[in-house]
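The chain below stands alone and is given in structure tokens; this is the form predicted on its own.
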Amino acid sequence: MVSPGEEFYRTYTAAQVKAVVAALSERAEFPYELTYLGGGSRLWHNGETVSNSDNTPVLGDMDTLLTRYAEELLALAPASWSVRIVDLGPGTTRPVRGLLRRLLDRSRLEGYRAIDISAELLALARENLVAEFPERAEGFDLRRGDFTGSDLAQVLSAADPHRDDLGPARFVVLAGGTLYNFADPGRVLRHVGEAMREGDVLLLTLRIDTGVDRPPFMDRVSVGGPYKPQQLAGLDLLGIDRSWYVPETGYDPERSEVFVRVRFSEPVAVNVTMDGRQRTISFRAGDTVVVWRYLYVDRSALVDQLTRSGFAVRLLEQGESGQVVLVAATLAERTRTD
């Protein structure tokens, strides 16, 4: 039996410890969003190093989509309005910096707001924004919080004062495939949509399934990778030694989902302190724990999911690699039953 060290309890709040225990116990998964805290965040500072895979062309393509289609995005807002960027899970801010520059060049940026659960990543985001926009970054608003819960109101609230003819329009950004890392992307979309107001534009950048150039692990599980080191950071914090399991990467056709999981080569029991009590989570040899997931759907399924979540797609553009897309969507007209 192992127990998490002090760093685990320093890294996570009591609520996050409960979320870790629930996810491991109920669905054999370490919540990927929580690997952006503590040691996982330091790996982002080191350049998001990939251990044994190279997706640089695709990732670079995703980082430039908002900039490449900036004019098309600006056409979705009235020309007389300024634009406020609301960045949900900004990470390194690479995807959004080019769009910010375009807005500044046209004197249309009203402001930039961001929310992330990781104080470390927010510090990195701030550092990058200061380097890129030294004269404006001081006015950018970066807040720590969970945008999948009630903290979304910190940066995006339907109760904001009604805007006048001058705006601002709000572009709500979920970049870099963030949305599809969640176990239930549809729930996240509905939650964000409930906080948006008429005229807001949701911007997504995502990797999609094109039906060609599929990775080999879509046909068979690849033992040993590819994976990112930060995907294992949560297990490290739990005190689970990497010699006790083997990473596997594969594809679940029933969920249309790519995953990274670990398969234990020996029994493991983790004793976690929660609310002053001990909770033991046990795994047998051969059991698996998911450490990363990514919904991998085609264009049609993507549009269908947005529609079912209450959005209307206004723009869908493919990147140069053909494997990533930019989607701009607004709230669909809501049917009233009262």
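In case it trips you up, residue 1 is the first one in the sequence shown, and so on. Just so we're clear, the structure is a prediction, and the values are computed from it rather than from any experiment.
This protein has a second form, the form predicted in complex with a small molecule, left out of what is shown; the following refers to that one.
**Study point:** Heavy atom contact within 4.5 Å of the small molecule in the predicted complex, the stretch among 128-136, 173-181, 257-265, 77-85
**Key:** In the other structure, the partner sits against 173-181.
Check your understanding: At the 4.5 Å heavy atom threshold, is G234 in contact with the small molecule in the predicted complex?
Key -> Result no; G234 lies far from the small molecule in the predicted complex.
Check your understanding: Looking in the predicted complex, any heavy atom of F283 within 4.5 Å of the small molecule?
Key -> So F283 does not count as contacting the small molecule.
Exercise for review: Considering only heavy atoms, tell me if G145 and the small molecule come within 4.5 Å of each other in the predicted complex.
Suggested key: The answer is yes: G145 has a heavy atom within 4.5 Å of the small molecule.
Review point. Contact between E33 and the small molecule in the predicted complex at 4.5 Å, heavy atoms?
Key: Flag for E33 set to yes.
Check your understanding: Of L73, L99, L204, L121, which residue is found within 4.5 angstroms of the small molecule in the predicted complex when only non-hydrogen atoms are counted?
Key -> Of the candidates L73, L99, L204, L121, L121 is the one lying within 4.5 Å of the small molecule in the predicted complex.
Exercise for review: Go through M196, L238, L103, I115 and name the one with a heavy atom inside 4.5 Å of the small molecule in the predicted complex.
Suggested key: It is I115 that has a heavy atom within 4.5 Å of the partner.
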